[in-house]
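As structure tokens, one chain now follows by itself in the form predicted on its own.
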């Protein structure tokens, strides 16, 4: 799926990120189009998660630009960040649910606080979304009563409750037991089929093959190769991509 800055939800231009003297991102140019599913693969330490966290400004770029629907958000003032981030949902590796809040309250807290939704509307939306991911029976449960896969599905619902334009997933299955991975990937597949724009950092190569419109291979802070899954997995051009895939497939 070809992308240009004009029809992209989010873009970067020469995006760089340093941690002290360590250069983690080395000038990333990226466009993610509305409705596109982009899966980012690569070895540990290649900059994948830093790229994702830079897109929603959890990491402040050292140089370059982040553009949201054509608007430069790179230097957004701290007080304006919630307004910008409401368009971008984030699902983390470790769930980040509030243990002292029931499932429904984890989901409704931000829509009520940031979007100004009434408690009734927020709870009705939470129930619909929990039904969608097969967890309506956990509406009043505590996070401590959930399995890892259930916690991650609740985390996805919490992100969806803000009605974002794009969802970011940072290795959403890597903290899960193997038998729980499938239930989370099934939810993500359903979201993709429904047209949700998604950028996913993942080690799940089968998911990348089946669901992605475009696969990016990152190493040493740069995008070394990108293209449709059949091209990257079946006919990769870069020796580093070929070497990585030989080890993980």
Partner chain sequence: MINFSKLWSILLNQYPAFLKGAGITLQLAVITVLLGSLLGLLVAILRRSHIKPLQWLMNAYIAFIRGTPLLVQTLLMVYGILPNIAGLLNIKMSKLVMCNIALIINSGAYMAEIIRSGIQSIDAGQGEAAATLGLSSTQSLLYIVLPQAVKVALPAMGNEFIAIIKESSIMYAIGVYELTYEANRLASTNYFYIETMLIAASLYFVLTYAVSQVLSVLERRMRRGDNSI
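As the structure is a prediction and not an experimental result, all values here were calculated from the model. Positions refer to the first chain, counted from 1.
The next section is about a form of this same protein that is not shown, the form predicted in complex with the partner chain.
Trainee: Under a 4.5 Å heavy atom criterion, is residue 56 part of the interface with the partner chain in the model of the complex?
Mentor: Because a heavy atom of residue 56 falls inside 4.5 Å of the partner chain in the model of the complex, the answer is yes.
Trainee: Report yes if any heavy atom of residue 138 sits within 4.5 Å of a heavy atom of the partner chain in the model of the complex; otherwise report no.
Mentor: Output for residue 138 is no: heavy atoms all beyond 4.5 Å of the partner chain.
Trainee: Is there a non-hydrogen atom of residue 90 within 4.5 angstroms of a non-hydrogen atom of the partner chain in the model of the complex?
Mentor: Judged by the heavy-atom cut-off of 4.5 Å, residue 90 is in contact with the partner chain in the model of the complex.
Trainee: Is residue 159 close to the partner chain in the model of the complex, meaning a heavy atom pair under 4.5 Å apart or at it?
Mentor: Residue 159: yes, in contact with the partner chain in the model of the complex.
Trainee: Using heavy atoms only and a 4.5 Å cut-off, decide whether all three of 16, 32 and 35 touch the partner chain in the model of the complex.
Mentor: None of them does, since no heavy atom lies within 4.5 Å of the partner.
Trainee: Name the stretch, out of 175-183, 67-75, 118-126, 82-90, where some heavy atom lies within 4.5 Å of the partner chain in the model of the complex.
Mentor: Within 4.5 Å of the partner lies stretch 82-90.
Trainee: Given a 4.5 Å distance limit between heavy atoms, list every residue of 135-149 close to the partner chain in the model of the complex, or none if there are none.
Mentor: In sequence order, 142, 144, 145 come within 4.5 Å of the partner.
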